[in-house]
Structures are given as C-alpha cells and as structure tokens.
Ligand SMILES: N[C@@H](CCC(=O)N[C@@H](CS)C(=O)NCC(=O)O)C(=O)O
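First, one chain by itself: the form predicted alone, in structure tokens.
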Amino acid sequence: MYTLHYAPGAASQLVHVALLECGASHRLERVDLEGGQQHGPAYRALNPHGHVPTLIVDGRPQHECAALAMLLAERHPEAALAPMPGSAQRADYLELMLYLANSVQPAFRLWFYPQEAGGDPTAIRNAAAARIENAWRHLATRLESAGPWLLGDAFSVVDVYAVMLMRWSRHLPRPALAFAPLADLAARVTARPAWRHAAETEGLPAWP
C-alpha cells in the first residue's frame, strides 16, 4: 500500500489521480499547508523541502510529482498510463513530462510566489503569465495536429499533469481554457472517474 501526503488542489493531485487510475491500494494523509504543517519536524523528516506530494513507496518517502507519476506508471503497466520503453511514443512522453515539470510548473511558482525570485513582483508575475500562456499555445498546437490526447490516440499521465496545471491557471489573465483544444482536453480528463473521485475526496470545487 502507498501513502500519499497531499494538500487539496496542490501538485499532489497528479499523484492522487495516478494512484486511482492505477487502481493502487493507498491511503491519504492531508498536510495542512495553511497551518504550516509542511514546516514542522515530523513532515520535514519525510520531505526536507517541505513540499507536497510525498509518497511512501515500500516504506520510503519519495518526492516530486512528475517523478512519482512516472514511477506509478512504471510500477503499474497494466494501467497503460505511459508508453512502454522502446515504443514510438516513448520519447514524446518523456519530453512532455519534463517540459511540464521543468518549464510550466516552475512558471506557476513564480506567479504564485513572486517574492521568492526577488525584484519587482508585478514584473515577475507578468513574465510568468506570458511564459504560461506560451506553454498553452504550444500544447494547443500539439493537440490540434496530433490529438485528441497529448500523445495522440492514447490517454496517459501526461494529460492528467497538463490538466492539473491548466486548473491552476483559472485566475490568470488568459487561462488555459481560452484555448479550445485545451478546453476539450480538460473536459475529457475531468470526466474520468479517477479525476472526479480525487476532486471529490480533496473537496475541490467543480472545474472547468
């Protein structure tokens, strides 16, 4: 059994949905971010960075939402959440997962916490919003040419990751749903039982 330390609507949502898509036995431990639980010694012993998610795998705490989603896809191949090694789509899968993890998600960090970067917060947020919008444009173009999923005909954990980040953009000047291909993707992913169950369990309001 896995144990997921999560916070509602945070990056842990990707891992929560992946666990459900895999049908993996798990239990949830909510981390009170507003109350500062992530900075306490008990949680820091599990995750020295003080972030969510933390997933207990075979008794060991593991971190980073993209890595955890990829790990679950690898440990549960029967769920078909990722192309198999050696398949034609494997390179695109790895590219997109790292693009979302290294380019898109950090831009949200700048949007939500501009003070961490130093400098003028307004300028930092404006630059982050432009970077995020460029990402939506890139993903929308990909869907238009090779959809209906980001890897073509097959649903994967990439789609869950992208839609989680799309949800984060709902209060940005130009949210992801302003792009029709992304709105269609969001509708397909959020209609899946795993997404709906995770959102209900975490108490998230309806979206999109």
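Residue indices: 1-based, along the sequence shown. Everything numeric here is computed off the predicted structure, so don't read it as measured data.
Missing here is the form predicted in complex with this ligand; even so, the following discussion is about that form.
Student: Identify, from the list 39, 60, 27, 171, the residue with a heavy atom within 4.5 Å of this ligand in the predicted complex.
Tutor: Checked against the cut-off, the match is 39.
Student: Answer with one of 90, 109, 76, 131: the residue that has a non-hydrogen atom within 4.5 Å of this ligand in the predicted complex.
Tutor: Answer to the contact question: 109.
Student: For the chain seen here without its partner, which of 178 to 186, 152 to 160, 137 to 145, 45 to 53 has a heavy atom within 4.5 Å of this ligand in the predicted complex?
Tutor: The contacting stretch here is 45 to 53.
Student: Classify residue 11 as contacting or not contacting this ligand in the predicted complex by the rule of any non-hydrogen atom within 4.5 angstroms, answering yes or no.
Tutor: Contact check for residue 11: yes, within 4.5 Å of this ligand in the predicted complex.
Student: If you check in the predicted complex, is residue 166 within 4.5 Å of this ligand, heavy atoms only?
Tutor: No, residue 166 stays farther than 4.5 Å from this ligand in the predicted complex.
Student: Do any residues of 98 to 124 have a non-hydrogen atom within 4.5 angstroms of this ligand in the predicted complex? If so, which ones, in sequence order?
Tutor: Contacting residues: 105, 109, 113.
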